[in-house]
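Next comes just one chain, in structure tokens: the form predicted alone.
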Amino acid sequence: MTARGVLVFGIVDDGQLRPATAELIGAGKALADDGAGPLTVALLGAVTDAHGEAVDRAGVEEILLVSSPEPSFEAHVAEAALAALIESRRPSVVLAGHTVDSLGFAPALAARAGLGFATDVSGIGWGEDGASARRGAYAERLTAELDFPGRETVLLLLREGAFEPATAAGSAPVSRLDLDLAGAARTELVERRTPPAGDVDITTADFLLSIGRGVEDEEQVAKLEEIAAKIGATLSVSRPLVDAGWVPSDRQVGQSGRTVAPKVYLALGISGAVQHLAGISAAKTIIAVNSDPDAPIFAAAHYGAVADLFEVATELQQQLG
């Protein structure tokens, strides 16, 4: 398939560039390096020169700033903008975030324009047949390998935390692109409500101590959180502890929780259901401790120990606390 380039589509809402944009750029650079063509980044919203500088990363060849007629995100405006970009640029691959906002316009655009399309993508590639994608299937029990025969352009929504962000500075030219978006909006923002923030953001932690079903007593959670703090880790959990009401949902790792990419992920008493493993695929080092030698998490771990989680936690406290 002819390589015509990669387009990263980012959104600026309420003056803020989505944090995962750096991951989209990193994924786009990987595709470009594999032969998908030059990498372009387009930003839609109340864009400023500072936003352009924020996405100027090594490997990006062009940055386009597209002003929106709406003060905040509006799905129909985003759809019209991306449709115009695809029509004029004809990229082989378009990358956007797998977010509530993107789900408000990307599926409709893909259907109308006949694009190849996949959501919640955790892996991508480029080969002789064009773009390919990986995503969970059957409640993350399987990994589906997708290709898009006959599709000139493929639109992929990438899972946050699943791709390495681009960090090296670049020197791409920045230009403003005037698109006729007047009248595209069909909805009006009446009110914005922000849910109360949790006490921690596990997606930014470099070291996570994660606990699961092996913790059978709610009183042990506080003890393990104390140990985590003493060794410089942030406490996270698997779903059973959230379902039990012992830990708030903002600490949950997995398909129905948060996708994390710490430098170290220490899993104590976590069996390793596929839904949980989907949330830690980007972790640099996974260390598993479980009393069951057949626990599935050992297959994903870089290091493992068949041991009692409380004995290991106590020893860690003594050695590192």
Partner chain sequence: MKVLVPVKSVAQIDGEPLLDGAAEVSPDLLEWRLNEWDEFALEAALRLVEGDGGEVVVVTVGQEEAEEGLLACLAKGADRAVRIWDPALAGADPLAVAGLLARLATEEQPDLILGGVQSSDSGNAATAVALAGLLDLPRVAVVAGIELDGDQLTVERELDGGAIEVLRLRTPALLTVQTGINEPRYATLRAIKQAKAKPLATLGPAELGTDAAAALALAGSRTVALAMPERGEGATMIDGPPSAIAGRIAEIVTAEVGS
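Positions refer to the first chain, counted from 1. It should be emphasised that the depicted structure is a prediction, and the values quoted were computed from it without experimental measurement. Take the two forms, find the largest set of C-alpha atoms that superpose within 1.5 Å, and that set is the rigid core.
Note that the form predicted in complex with the partner chain isn't included here; everything after this is about it.
For a residue to qualify, one of its non-hydrogen atoms must sit within 4.5 Å of the partner chain in the predicted bound form; none of 32, 122 and 225 qualifies. Heavy atoms within 4.5 Å of the partner chain in the predicted bound form are found in exactly one of 171-179, 84-92, 110-118, 216-224, that being 110-118. With the partner omitted here, the residue from 289, 280, 60, 27 that has a non-hydrogen atom within 4.5 angstroms of the partner chain in the predicted bound form is 289. The partner chain is not shown here, and in the predicted bound form it never comes within 4.5 Å of any heavy atom of residue 128. In the predicted bound form, the partner chain lies farther than 4.5 Å from every heavy atom of residue 67. Contact check for residue 256: a non-hydrogen atom falls within 4.5 Å of the partner chain in the predicted bound form. The shortest heavy atom separation between residue 251 and the partner chain in the predicted bound form exceeds 4.5 Å. Taking the partner chain as it sits in the predicted bound form, the stretch 89-108 comes within 4.5 angstroms of it through a non-hydrogen atom at 98, 100, 101, 103, 104, 105, 107, 108. Once both forms are fitted on their rigid core, the CA atom of residue 67 lies less than 2 Å apart between the shown form and the other one.
Core-aligned CA deviation for residue 230 between the shown form and the other one: 2 Å or greater.
For residue 180, a C-alpha deviation below 2 angstroms is recorded between the shown form and the other one after rigid-core alignment. In the predicted bound form, the CA atoms of residue 23 and residue 257 move apart by 3 angstroms or more relative to this form. Shown here is a form in which the CA atoms of residue 120 and residue 208 lie at least 3 Å closer together than they do in the predicted bound form.
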